[in-house]
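Okay, so here's just one chain, in structure tokens, the form predicted on its own.
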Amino acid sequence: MQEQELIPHLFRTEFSKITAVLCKLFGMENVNIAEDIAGETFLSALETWPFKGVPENPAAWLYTVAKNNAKNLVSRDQVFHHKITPVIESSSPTGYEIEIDLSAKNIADSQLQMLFAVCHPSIPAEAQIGLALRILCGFGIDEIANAFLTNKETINKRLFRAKEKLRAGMVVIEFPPENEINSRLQSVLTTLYLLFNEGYYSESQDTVLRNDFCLEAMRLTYMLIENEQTNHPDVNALFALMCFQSSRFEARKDANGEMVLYQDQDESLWNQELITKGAYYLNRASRGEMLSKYHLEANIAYWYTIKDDTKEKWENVLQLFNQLLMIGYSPIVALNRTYALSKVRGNEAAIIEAEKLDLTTNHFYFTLLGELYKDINKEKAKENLLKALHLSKKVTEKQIIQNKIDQL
């Protein structure tokens, strides 16, 4: 791999590791300094490697430069020196001598502790996702802005406000106490769930970026599984859900980038290895008595990896949706349930249940009604699809709805 390709690849994999370790050492209030040191490290690689060649162990070279940059900053910057020296002296047996541990274990521990810090309940969910993407996944501001369909200035302001809240709240980068880890873990899982969805349901035309978001969410979730303190059934269930969902990633868009509906997907494009892995972690998630929304969603996603359109399949899916609604009601879950209901009890029964929801500002609601009315009343089907077309804001969704109208 040439340095033109290698450095961006290493930035994705190593920037977050260096930043997490330095943040843990210097404190959350100095997260910008940690990012600057990591950034300078990669700038050194860009300036050096094209002339001197790529080192034998590129990651080790980056770690060495990062350590030296951090030590130089502490020694030359008096303001930073006075702020950080007490922290280092209190935590280091060698006194003032700065010790930066970039071992695999400390990197993993630092990233998980940072994950709990950025998922602190004091900051909004979208800011948690932004911080996770930036600090823990190594995504650039441009990439994050592209994912959220906004501009760099908005993302920078969002991240700045989130960092300020963490500073003001004196959030420490550490594992929560044992009696708090369960409650804090739920915020972490929510962030990872939303991060995965940002990739899976993204309207970005950058397929690589969308894939990377999902892979990063899966990587961080797997890190939770590998840690004894956080290897809980709901973590395994979330990872299983991600495996099942991502197994159909390649089949969800055609060669022109247009969305392919589930019933029209090419099953040969589904990733059987990920389906098998999902089944394994779903089985692990079943140990114990916990039943979370991730368990139920993973089970639903499992049934969607079985293409057969049998009544048994949809009866299972319907019962899982019923349980999901009992855990926590959501109008979107209720709407999705009506599709399964149509497969079990017919379109007329599903229409009655769907219209009770009265989600008149949701284009999915009218799209589903259009589909359910298709073989019952074509005029009503068209009427609902036109409402869906008017409410939809995304090009790919508008195309799907327009195709349905044309087919009528």
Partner chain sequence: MDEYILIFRHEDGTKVASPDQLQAWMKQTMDWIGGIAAQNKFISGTGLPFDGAKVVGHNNIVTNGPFGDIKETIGGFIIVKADSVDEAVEFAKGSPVLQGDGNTVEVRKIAKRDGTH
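Because the structure is predicted, anything quoted here is derived from the model rather than measured. Residue numbers count along the first chain shown, from 1.
Only in words, not in the display: the form predicted together with the partner chain, which the text now covers.
Listed residues K277, K293, H232, R337 were compared with the partner chain in the predicted bound form; R337 is the one with a heavy atom within 4.5 Å. Checking L261, A104, L149, M326 for any heavy atom within 4.5 Å of the partner chain in the predicted bound form turns up a single hit: M326. Residue contact with the partner chain in the predicted bound form: A59 places no heavy atom within 4.5 Å of it.
Taking non-hydrogen atoms only, N322 approaches the partner chain to within 4.5 angstroms in the predicted bound form.
Shown alone here, K52 lies farther than 4.5 Å from the partner chain in the predicted bound form, counting heavy atoms only. Though the partner is left out of this view, A349 does not reach within 4.5 Å of the partner chain in the predicted bound form, counting heavy atoms only. Considering the partner chain in the predicted bound form, the lone stretch of 190 to 198, 326 to 334, 130 to 138, 220 to 228 in range is 326 to 334 [heavy atom distance within 4.5 Å]. Taking the partner from elsewhere, no residue among A301, L368 and E371 has a non-hydrogen atom within 4.5 angstroms of the partner chain in the predicted bound form.
Counting a residue when any of its non-hydrogen atoms is within 4.5 Å of the partner chain in the predicted bound form, there are no hits in 234 to 265.
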